[in-house]
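So this first bit is one chain, no partners, the form predicted on its own, shown in structure tokens.
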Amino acid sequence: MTTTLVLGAVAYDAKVVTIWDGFQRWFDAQGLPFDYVLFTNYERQVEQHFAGACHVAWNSPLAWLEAQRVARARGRTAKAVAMRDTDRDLTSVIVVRADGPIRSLDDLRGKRLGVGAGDSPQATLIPLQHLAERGVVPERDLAVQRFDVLVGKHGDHVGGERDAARALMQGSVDAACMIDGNHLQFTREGTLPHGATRVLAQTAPYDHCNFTVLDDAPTALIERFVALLLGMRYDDAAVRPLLDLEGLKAWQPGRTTGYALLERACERTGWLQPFLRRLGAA
């Protein structure tokens, strides 16, 4: 009988160890034996989740789609059981220089667009899909320059977005894609000087990460895990520093209605196919 819940997460930053070490101690104190394993990339995490290396995976939105598709191909089911409050209803933006001539999406034709890592939902796949659905097709109507920082981390490491923002300021691209929160962060930190940029376009809302479980997960342990997550309070000094590091104030029930835009982007580009073929799920 399984007595310890094992979580899988991707090591996109050194703080990941601090976060899950802290949560491990907290879950243990609540009577839930808990451990975690770290992976270098999401594709390995999804593959090993199906191999039984963990019971629950802290998945990026792209990894969620990968897990969902693999499960479907194998006659199994995947479920999103929880997510952060900050994973809901996000948007990405296409940013241009405030003093530049670009005033509409049509003005991007023939221009250079900077994006994040190729596997970043928020800084590449979703904003490029937004453009394509409005008749400005990437690589046909405009050049796309990818800033591939830590590919495999699905954009969790924001270095690619930051590099695209810097390229905009340096003039090597004419526009840059990023998640809306990072546009604000890059302005606060000075990567984008205050008042130097403006938002040319904003995508429809979408959802981000979720805790994914498969149909063979230990039911009692998962139910206890989710109950403890949803019961965390931001005013609890024991968990507040960990919540701050993970970028949330409250955990919410999982939902899967916010991935349609990313799914269309994957269908248009065929992004999922190499991974799915490797796992026999294409």
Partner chain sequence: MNRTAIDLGGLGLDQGAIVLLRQALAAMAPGDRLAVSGTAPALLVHLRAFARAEGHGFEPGPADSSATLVRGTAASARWQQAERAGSASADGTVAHAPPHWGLAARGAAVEAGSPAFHFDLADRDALWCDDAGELYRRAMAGQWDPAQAIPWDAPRHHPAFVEAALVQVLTYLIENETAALIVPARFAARVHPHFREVMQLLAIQAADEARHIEVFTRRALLAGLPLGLSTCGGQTSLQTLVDEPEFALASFLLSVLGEGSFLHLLGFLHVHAPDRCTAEIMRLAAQDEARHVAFGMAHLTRHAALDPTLHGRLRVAVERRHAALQHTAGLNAEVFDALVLLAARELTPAGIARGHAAVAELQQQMDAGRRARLGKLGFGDDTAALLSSLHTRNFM
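On a predicted model such as this, the values are computed, not experimentally measured, just so you know. Positions refer to the first chain, counted from 1.
One more form of this protein, predicted in complex with its partner chain, exists but is not displayed; see below.
Chemist: So in the predicted bound form, does any heavy atom of L90 sit within 4.5 Å of its partner chain?
Modeler: L90: contacts its partner chain in the predicted bound form.
Chemist: I'd like to know whether E133 contacts its partner chain in the predicted bound form, with contact meaning heavy atoms within 4.5 angstroms.
Modeler: Looking in the predicted bound form, residue contacts with its partner chain do not include E133, since no heavy atom lies within 4.5 Å.
Chemist: Would D235 count as a contact of its partner chain in the predicted bound form, using a 4.5 angstroms cut-off between non-hydrogen atoms?
Modeler: Yes, contact at 4.5 Å.
Chemist: So, T187 and its partner chain: in the predicted bound form, are they within 4.5 Å at any heavy atom pair?
Modeler: Judged by the heavy-atom cut-off of 4.5 Å, T187 is in contact with its partner chain in the predicted bound form.
Chemist: Pick the stretch from 188-196, 167-175, 134-142, 102-110 whose residues have a heavy atom within 4.5 Å of its partner chain in the predicted bound form.
Modeler: Only one stretch qualifies here: 188-196.
Chemist: Which residue, E223, D28, D35, D244, is the contact with its partner chain in the predicted bound form, using a 4.5 Å heavy atom cutoff?
Modeler: In short, D244.
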